[in-house]
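One chain is shown next in structure tokens, namely the form predicted on its own.
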């Protein structure tokens, strides 16, 4: 029952929002259904529902970590939308509200799907439901970003489908019953054809890696993140990225169970380091602060890929970082939306005195910067430290040294963009943005997310620690 509720409740909200005529009342439905979904997620977290539909739907610890991240982030974005969208009342929000709720249902299905075909369908649904949200501003740059997102991600998801065909054929060549159910695939992984399994891994990594934003497959990210509203950027960076990562994790589970893990681990480490290198390169002297956040996302998916490649010593920290990165990106994108709305530009060189004009937004954006770059006492510091120490401990000192180098460059690049924005005197206001200031519903959600990040940096609750440890053990299937 809880599986159906997590899927159908957002769809019911989407239907209601579509038939709600008022542009002012419609956004109020988002926090209502977001809160209901969050409560259901907590019930699932505490209750551990059993698999249904012959194992097609199940919530194991890995899916639960992703679902908890997505639901928490979505609730923050939904409350923010209730304060942000009334300031955009000249533009209809019907499609935005519908798309957000449909996307929540699709992302929930990704976390619960243990049939890889169903997971693929859910992943494609997130792509299609998010595209109209990127186009919300309806200008030339947003339509370009939307088409680039659709084209590149659709090619990626098509390659992932081909990878699933290869995976199914690997079972056929091995003489086993053809299936795409996760548990039988893991149990019989040693009997799968190595050649076809390797081909499936490459195609699925490229396919889901495109959606995740691993370099050099990330080219849609800067445009989509830069042109979408801040709350949509938060869902892209903290929601859809986690869905794509979970897809890669499912493939990773099967490949690790197959036994010969060196090829898979080296590929993940290589892709991860390449992503961090790209992020470090493009972060230097970046003048568009929303595109800067896109490259920060490329950095962190690279960090997570390296952690998966390293294996046991870094897996707990990787799952913790999945949660931390999602919430921290929520803080940064929501507050960047406030800054963009107040100043009417994304050019960091034209934004000065944010702490003076928007003291709460500026303070939260600054705190989010320190958190996402791994500064204590915020929780990303613990997860990044765990990944790097696990990399050293796993016998990869050169990889760890390169990671530290890239992280240092990225910190300096982000600091050179963000710190001048915060300081000085705010310029004279002009145009349609005159008078836009901090408001409760546009400040409270990133503040709440920031409090969670701070608390987790000081104290990790035992239920969450157990969930992360159980998830890490599921990934330790290699001999």
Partner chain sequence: MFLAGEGLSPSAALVAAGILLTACSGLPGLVLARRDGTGQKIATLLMVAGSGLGLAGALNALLTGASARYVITGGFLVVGGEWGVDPLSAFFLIPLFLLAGCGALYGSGYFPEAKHPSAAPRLTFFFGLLAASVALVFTARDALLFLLAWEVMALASFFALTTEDHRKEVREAGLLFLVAAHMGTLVLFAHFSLLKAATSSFTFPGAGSLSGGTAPAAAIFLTALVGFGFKAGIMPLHIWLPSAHAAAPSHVSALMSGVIIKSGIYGIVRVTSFYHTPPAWWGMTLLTLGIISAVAGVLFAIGQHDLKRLLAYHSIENIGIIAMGIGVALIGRSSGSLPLELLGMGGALLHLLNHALFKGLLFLGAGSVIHAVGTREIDLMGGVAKRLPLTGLFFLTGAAAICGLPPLNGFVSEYLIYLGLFRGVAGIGTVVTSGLPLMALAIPALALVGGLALACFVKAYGVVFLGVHRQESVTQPHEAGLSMLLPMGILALLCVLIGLFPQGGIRLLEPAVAGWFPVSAGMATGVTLPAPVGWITVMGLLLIFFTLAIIPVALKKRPGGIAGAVTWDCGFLRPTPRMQYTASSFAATLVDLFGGMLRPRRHRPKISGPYPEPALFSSHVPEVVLELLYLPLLKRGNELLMPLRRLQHGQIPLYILYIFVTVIVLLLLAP
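All values derive from a computational prediction rather than experimental measurement. Positions refer to the first chain, counted from 1.
Heads up, the form predicted in complex with its partner chain isn't pictured, but that's what we're talking about next.
With its partner chain left out of view, the stretch that reaches within 4.5 Å of it through heavy atoms in the predicted complex is, among 183 to 191, 283 to 291, 334 to 342, 68 to 76, 283 to 291. Interface residue among 402, 82, 202, 348, judged by heavy atoms within 4.5 Å of its partner chain in the predicted complex: 202. When you look in the predicted complex, the only residue of 252, 365, 295, 208 with a non-hydrogen atom within 4.5 Å of its partner chain is 295. Contact annotation: residue 267 falls within 4.5 Å of its partner chain in the predicted complex, judged by heavy atom distances. Although the partner is absent here, residue 360 is not a contact residue: none of its heavy atoms lies within 4.5 angstroms of its partner chain in the predicted complex.
Taking the partner from elsewhere, residue 412 is found to have a heavy atom lying within 4.5 Å of its partner chain in the predicted complex. Its partner chain in the predicted complex comes within 4.5 Å of no heavy atom belonging to residue 93. By the 4.5 Å heavy atom rule, the three marked residues 8, 54 and 321 all fail to count as contacting its partner chain in the predicted complex. Taking its partner chain as positioned in the predicted complex, the residues of 371 to 385 that bring a heavy atom within 4.5 Å of it are, in sequence order, 373, 374, 375, 376, 377, 381, 382, 385.
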